[in-house]
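Single chain ahead, by itself, as C-alpha cells, in the form predicted on its own.
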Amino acid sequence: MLGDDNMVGGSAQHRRMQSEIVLEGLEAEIIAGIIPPGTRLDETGIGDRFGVSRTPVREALHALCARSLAERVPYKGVLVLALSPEHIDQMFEAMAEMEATCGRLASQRMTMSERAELETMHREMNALADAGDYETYEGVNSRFHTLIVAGCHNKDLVALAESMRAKLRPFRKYQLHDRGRISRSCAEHQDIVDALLDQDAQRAGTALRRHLVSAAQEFLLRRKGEVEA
C-alpha cells in the first residue's frame, strides 16, 4: 500500500512539473508576442510540442486564464488575450501597492534572521548580476521579494500578495533579461534593503513602489521595441 501511495504521489508531482514547463513556455511566448493575441491554444498540438499528455496542458491553460493571459471562449476554446499597456499598468500598480504595504509592515516586523537573510540575498544578486547569470538571478530575486512579503507577518496580506506575484511573475522575469535592467534592479534593491534594515517604514514603502513602477516601465519599453522590430 505504501508503495502505491508513493507511486500516486510521484505521478501527481511529475504532472505538476510538466504543467509548469508548459505554462512557463507559453507565458514567455505570449508576453514576447511570439504567440499573437487571438491565437487558439490547441491542447493536442501543445501536448505534442512539449511531449506531454493533455492533463498537464489543461492545467497550464487554466493557469494562463487565471493570469489573464488567455480566456476560455464558448465554442472556440482557449484564446490568447491582447496585452494592453493599460492592463499591464494596472497589474503592476496593484502589485506595487501590495508590496509597499507589506514592506512598510516588514520594516517593523522582520526578525533579525530575516533581515540578515535579505542582506545576504542582495549581495548574492549583485554577484550574479556582475557574472551575467540572469537565470539564477531571477530565482534569487523571486525569493528576495517573497521574503519581504513574508516579513509583514500577516497571513492574509501574504496570500493576496503571492496571488498577485504569480500573475506578474512572467512579466517581471521578461524585463530582467536585459543587463541594464539587472543593474538598475540591484541599485533599487539597495534602497529597499537599506530602508528595511533602518526600520524606516515610509522609505521602505516608497522604495518598493518605485521598484515596481520601474519594472513596469522597463517591460513596456522592451516589449514595444520588440514588437516594432
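Owing to the predicted nature of the structure, the values given are computational and were not obtained by experimental measurement. Under this definition, the rigid core comprises the largest set of C-alpha atoms superposing within 1.5 Å between the forms. Heads up: residue numbers just count along the shown sequence, starting at 1.
As for the form predicted in complex with a further copy of the same chain, it is not shown, yet the points below apply to it.
Participant: Identify whether a further copy of the same chain in the predicted complex is within 4.5 Å of every residue in the set His122, Asp198 and Ala201, based on non-hydrogen atoms.
Facilitator: No residue of the spot touches a further copy of the same chain in the predicted complex.
Participant: Quick one: does Asn126 come within 4.5 Å of a further copy of the same chain in the predicted complex, counting heavy atoms only?
Facilitator: Looking in the predicted complex, residue contacts with a further copy of the same chain do not include Asn126, since no heavy atom lies within 4.5 Å.
Participant: Although a further copy of the same chain is absent from this view, report whether Arg15 comes within 4.5 Å of it in the predicted complex, heavy atoms only.
Facilitator: Within the cut-off, so yes.
Participant: Asp156: heavy atom within 4.5 Å of a further copy of the same chain in the predicted complex?
Facilitator: The answer is yes: Asp156 has a heavy atom within 4.5 Å of a further copy of the same chain.
Participant: Are any of the heavy atoms in Glu27 no more than 4.5 Å from a heavy atom of a further copy of the same chain in the predicted complex?
Facilitator: The answer is no: Glu27 has no heavy atom within 4.5 Å of a further copy of the same chain.
Participant: Using a 4.5 Å cut on heavy atoms, which of Ser142, Thr136, Gln90, Gln108 is close to a further copy of the same chain in the predicted complex?
Facilitator: When a further copy of the same chain is considered in the predicted complex, the option within 4.5 Å is Gln90.
Participant: Exactly one of His189, Arg172, Arg181, Lys167 has a non-hydrogen atom within 4.5 Å of a further copy of the same chain in the predicted complex; which residue is it?
Facilitator: Contact residue from the list: Lys167.
Participant: Please name which of the stretches 128-136, 142-150, 111-119, 67-75 has residues with heavy atoms lying within 4.5 Å of a further copy of the same chain in the predicted complex.
Facilitator: Answer to the contact question: 67-75.
Participant: Go through 92-125 residue by residue and record those having a heavy atom within 4.5 Å of a further copy of the same chain in the predicted complex; state none if no residue qualifies.
Facilitator: Result: Glu93, Ala94, Glu97, Met98, Thr101, Arg104, Leu105, Arg109.
Participant: When you overlay the rigid core, is the Cα of Gly139 off by 2 Å or more between the shown form and the other one?
Facilitator: Comparing forms between the shown form and the other one, the Gly139 CA shifts below 2 Å.
Participant: Once both forms sit on the same rigid core, is the C-alpha displacement of Ala63 at or above 2 Å between the shown form and the other one?
Facilitator: Moves: yes, 2 Å or greater.
Participant: Please say whether the CA atoms of His211 and Leu23 come closer or move farther apart in the predicted complex, knowing the change relative to this form is 3 Å or more.
Facilitator: More distant in the predicted complex, by 3 Å or more.
Participant: Once you compare with this form, do the C-alpha atoms of Glu162 and Ala82 lie closer or farther in the predicted complex, given a change of 3 Å or more?
Facilitator: Those two alpha carbons end up closer in the predicted complex.
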